[in-house]
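Before any questions on binding or motion, here is one chain by itself as structure tokens, the form predicted alone.
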Amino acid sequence: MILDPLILVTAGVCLLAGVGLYGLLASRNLIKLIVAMQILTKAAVLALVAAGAASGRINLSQSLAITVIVVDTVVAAVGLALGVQVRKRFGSLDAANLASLRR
């Protein structure tokens, strides 16, 4: 049985998306949530490049992927910086404990 590379990439995208969604649903730690969002973003980038390769417009998809990676890195840096400040100020990274601060 010979597997098509597009099928393997699609399986990888589904696996990464599943791991990312599980991480978002199972964890309450802010740092773990940021890591799970990073995994989801990498799945989206891989799907974007695979779609570009399948449609024959690989240059466009690669340039979009680089843009997504740069924006994702900035978002992760800001999120981690906020996580560090939350830990310093409130002593916890648990999202459930931080939700009680609204009251």
Partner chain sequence: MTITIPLLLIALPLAGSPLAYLAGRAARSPFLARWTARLILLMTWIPWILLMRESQTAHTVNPFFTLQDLTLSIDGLSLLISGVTLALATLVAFYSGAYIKGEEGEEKYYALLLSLTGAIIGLGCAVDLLNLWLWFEAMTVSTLFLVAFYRKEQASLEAGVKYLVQSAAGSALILLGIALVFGTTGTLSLPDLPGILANNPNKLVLMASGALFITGFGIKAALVPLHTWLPDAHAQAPSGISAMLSGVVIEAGLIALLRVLLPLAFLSGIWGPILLGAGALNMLLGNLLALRQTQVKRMLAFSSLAHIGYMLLGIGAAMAFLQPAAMSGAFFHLITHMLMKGLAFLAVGALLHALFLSRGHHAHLTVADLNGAATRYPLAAGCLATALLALGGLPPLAGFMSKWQIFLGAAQTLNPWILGLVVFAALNSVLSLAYYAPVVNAMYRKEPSDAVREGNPVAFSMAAPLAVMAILVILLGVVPTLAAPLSTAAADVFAALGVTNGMVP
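Numbering follows the first chain given and starts at 1. Being a predicted model, the structure only gives us computed values, none of them experimental.
Just so it is clear, the following notes concern the form predicted together with its partner chain, a form of the same protein that is not shown.
Its partner chain in the model of the complex comes within 4.5 Å of no heavy atom belonging to residue 11.
A residue is said to contact a partner when one of its heavy atoms sits within 4.5 Å of a partner heavy atom; residue 35 fails this definition for its partner chain in the model of the complex, lying far away.
Among heavy atoms of residue 90, some come within 4.5 Å of its partner chain in the model of the complex. Although the partner is absent here, residue 75 sits close enough that one of its heavy atoms falls within 4.5 Å of its partner chain in the model of the complex. Along 26 to 50, these residues reach a heavy atom to within 4.5 Å of its partner chain in the model of the complex: 30, 33, 37, 40, 41, 43, 44, 47, 48.
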